[in-house]
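Consider the single chain below, provided in structure tokens and representing the form predicted alone.
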């Protein structure tokens, strides 16, 4: 290819969900030049909770307290699952590296004794997760110790009902109270968590809101709020509200669009940009070709711009249907970028069970790309399609991340596995070119 590219990189990462962002992080941390393309919205749907494996694979309807024990069973019973191809130490490293990176951006997470923990949700159920953001950690302690808690809603915030949370949980959690208040200096009408969170980045607004909440406290040991404790300064906002109210405060995850997900998105974007990642959001891939050295030449465009990229390798982390990594027509499911073969049910009539909440789940939710142990996509005969393309995240076949509650763990650990595989294989390619010998 004689055309001079606009960007030359080691890894071209497709997708800006958690798998794509994590892959970019792991790559730049290992000294690779990274270019990333995708849509900017996927993390806006993320709850902010980083799941590892929260459902016991031996009993689909039961929660797993120890995700590592559950993973051992999962690997034995589903040897094609993405976790079965990843060493436990790689998974631990992925979580630790992401946790360290986010902390450097002011967004703090904890894995509590390496066990799963329960937090309250906005519909009054309990959500089990592995790594909990600081803004939700007091919820874990309050639930375990059955503290009396005041749940505080905001008039006009339709996706959060303090009364519903109280009524749903009161059977197993005594001493709960609820109140719905006007938000200071806000206009009447519908509100969103994001608008309220950006307002509470201001200390002045936090003081006003705390003054409104304080008279309603009557011996409670904690306050539960919608996820509105700031966007850019969430840790500062949390600690400030706790100081002003004199008791622990925690957020309760809501339906998307998600403020904790927005915090993740902004932390990744800002932190990765500082590390030198080239980001081309909202570009679409027009074409990919491969030169005689195996590198990819990628042409991208928007409505008014075009860019060309030369990449030594690619991580395909474009997601499933919501991320448009997979697309479905009336006959079958297709992969959108390379047209890789997709593992899927034989016919459309077998995509779904008759019951929406069937214990076995729906077959379509395990559709995806089949890979070898290095996460390189393979064809129907088991042959590697490209030796320098790696798949990561929810596009991988043989897992139902929503039912397993394993999406974040699969995204991060498969991202690290893909980056490590690229580094290993790239060194092999370099050795081959130097010596002129094959494998």
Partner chain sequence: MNIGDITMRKKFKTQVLIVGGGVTGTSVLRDLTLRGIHCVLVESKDMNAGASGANHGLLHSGARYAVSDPEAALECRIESEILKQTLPQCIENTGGLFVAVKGDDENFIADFPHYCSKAKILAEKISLDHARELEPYLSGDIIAAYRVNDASIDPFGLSQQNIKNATHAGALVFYHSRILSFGLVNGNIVSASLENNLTGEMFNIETDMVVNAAGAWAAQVGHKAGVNIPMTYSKGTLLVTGQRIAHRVVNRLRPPGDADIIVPGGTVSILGTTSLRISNPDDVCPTVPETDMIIDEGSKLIPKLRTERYIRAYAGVRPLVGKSGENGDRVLSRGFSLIDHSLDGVGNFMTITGGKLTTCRLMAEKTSDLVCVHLGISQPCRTRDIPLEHAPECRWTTPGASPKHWFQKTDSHEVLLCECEMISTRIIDELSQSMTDEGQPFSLVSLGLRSRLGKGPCQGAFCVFRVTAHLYTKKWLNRTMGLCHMKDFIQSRFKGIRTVIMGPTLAQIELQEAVQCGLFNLEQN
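Positions refer to the first chain, counted from 1. Since we're looking at a predicted model, the values are computed, not measured.
Unshown form predicted together with the partner chain; subsequent notes refer to it.
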Kindly indicate whether 123, 163 and 188 are, all three, within 4.5 angstroms of the partner chain in the predicted complex, using heavy atoms.
yes
The one option of 106, 256, 345, 184 with any heavy atom within 4.5 Å of the partner chain in the predicted complex is 256
Going by heavy atom distances of 4.5 angstroms or less, which of 158, 274, 96, 76 would be at the interface with the partner chain in the predicted complex?
158
Please run the contact check for residue 90 against the partner chain in the predicted complex: heavy atoms, 4.5 angstroms, yes or no?
no
Contact between residue 85 and the partner chain in the predicted complex at 4.5 Å, heavy atoms?
no
Wondering, does residue 384 line up within 4.5 Å of the partner chain in the predicted complex on heavy atoms?
no
Interface membership of residue 65, the partner chain in the predicted complex, 4.5 Å heavy atom rule:
no
Please pick out the stretch from 229-237, 285-293, 201-209, 126-134 that is in contact with the partner chain in the predicted complex, where contact means heavy atoms within 4.5 Å.
126-134
Residue by residue through 323-341, which ones have a non-hydrogen atom no more than 4.5 angstroms from the partner chain in the predicted complex?
328, 329, 330, 331
